[in-house]
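A lone chain, given as structure tokens: the form predicted on its own.
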């Protein structure tokens, strides 16, 4: 196995162009597990931990641009107020040691359907910035996941950052697992209420071949809130509408039976998570109105 260790972003992209088969590694919380269990044996590895540019975040045209090397711990500590849904999800990732090493960029790169960062990125409409020696492009996160542990990256590209607008309303994240921490989700769900644009965003994890958005549920609940004038004057939402929202979220999932849970259980759990997270988010909206 060839080990490559660039110290600048330009050098990293040149190395990737010269070695398109090379596997990028940052925190190593996914990659090293795969290597240690001999599930994959890459011909080359690009260690990105010395590339300082990947550890930076800032603002760009009203959006937050967060480098692929920013850890979960920093998301919680430095960006929790602006990206509350992602911060909530980050708190559920592994142990403190894992959160200190793991990165959202690495989570995106592995493209696991169970990735904890994926649902809040979906619900908030994030973009993934991909770069190569020949240029860069930005892909909506809803188009980034193309199959189980497969994403839209080209062989010569690396993940530079993700971009997302600071919260425009309440956000929530919740997941079901066999215990409260250090566990892969049986299923997970994120919701983001964009009060200014009157939009509802959703993200489903660990209940399909890829992370998913519940588009019909989003449109349904946004319409309910709009038709009732609740965006402007928050009040109780019809319980039947909340129940229907949960049903539509469950219907959007494409789960399977596996060692962590059955497809039927995942659909049931997602309906519950959707109802609960919407209620929590709407209660926050009412308090802040």
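Source: prediction; values computed, not measured. Positions refer to the first chain, counted from 1.
Another form, the form predicted together with a small molecule, is not on view; read the next lines as being about it.
Contact check at 4.5 Å (heavy atoms) against the small molecule in the predicted complex: none of 166, 221 and 244 pass. Partner proximity in the predicted complex, defined as non-hydrogen atoms within 4.5 angstroms of the small molecule, places exactly one of 158-166, 73-81, 193-201, 133-141 at the interface: 158-166.
Shown alone here, residue 250 lies farther than 4.5 Å from the small molecule in the predicted complex, counting heavy atoms only. Residue 234 falls outside the set of residues with a heavy atom inside 4.5 Å of the small molecule in the predicted complex. For the chain shown alone, residue 92 is a contact residue for the small molecule in the predicted complex, at least one non-hydrogen atom being within 4.5 angstroms. Though the partner is left out of this view, residue 25 does reach within 4.5 Å of the small molecule in the predicted complex, counting heavy atoms only. Of the residues given (114, 212, 127, 88), 114 alone sits with a heavy atom within 4.5 Å of the small molecule in the predicted complex.
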